[in-house]
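Shown here is one chain on its own, the form predicted alone, set out as structure tokens.
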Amino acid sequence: MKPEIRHSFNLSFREAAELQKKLSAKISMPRKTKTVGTVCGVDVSYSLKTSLFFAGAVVLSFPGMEILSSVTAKGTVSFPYVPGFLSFREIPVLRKCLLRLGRKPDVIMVDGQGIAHPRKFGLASHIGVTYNIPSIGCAKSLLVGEFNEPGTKKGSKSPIIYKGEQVGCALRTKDNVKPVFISVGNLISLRDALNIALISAKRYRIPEPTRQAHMLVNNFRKNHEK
């Protein structure tokens, strides 16, 4: 799986922000997503001892959530941590994983933001646009905007409003647990993104694609650092 748009990641913050604004214009949100049979979750874990970081990607069947394949990769951190610029830090190692995936999944789910971002171009959107693939941001915390607490039951949701516009939803994936924050990455509607995230949350708060990717990459990091 190779990117269809290539660019340098060795950029200043100003250059990175300008690139985000430029590429965000390429985001598409169709009313209906094509049939989904596979969802790929991706995640990154940072070394506690060195400048290395580790990436993992897990492809699962949908809606069954059976693990079909998984890959890992490692790299060296070269971009500082600044909120709003996570993709410039993490995509260089994530693309090593995506290159090893082989067959392109139907959807990618990211532990991060899509358009719920200061420049409407979070990690999920960056991956979705550069790889021309439907992508979903499924974050554990809010980056921008405000929302009212959704109802306590699984499936309850509340819009995230940023600068007068809805950019996502707070979604309750399990009764009486904290919501996750869903936003469109690319080539998917918010309705379908919410539906995929909810169906993928089988037993836990975090949907299986990103949960499995998180476990995979943390185990990879821990084994590497023994």
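In this text, all values refer to a predicted model and were calculated from it rather than measured experimentally. The first residue of the sequence shown is number 1, and the count goes up from there.
What follows is about the form predicted in complex with the DNA, which we do not show.
If you check the DNA in the model of the complex, you find a heavy atom from every one of Tyr81, Gly84 and Leu142 within 4.5 Å. Looking at Asn176, you'd find a heavy atom of it within 4.5 angstroms of the DNA in the model of the complex. Contact check for Asn218: a non-hydrogen atom falls within 4.5 Å of the DNA in the model of the complex. Remark: Ser135 does not count among the residues lining the DNA in the model of the complex, judged by a heavy atom distance of 4.5 Å or less. By the criterion of a heavy atom within 4.5 Å, Arg89 is counted among the residues contacting the DNA in the model of the complex.
With the DNA omitted here, the record of contacts in the model of the complex names 105-113 of 68-76, 127-135, 105-113, 92-100, defined by a heavy atom within 4.5 Å. Annotation for 201-216: the only interface residue with the DNA in the model of the complex is His214 [heavy atom within 4.5 Å].
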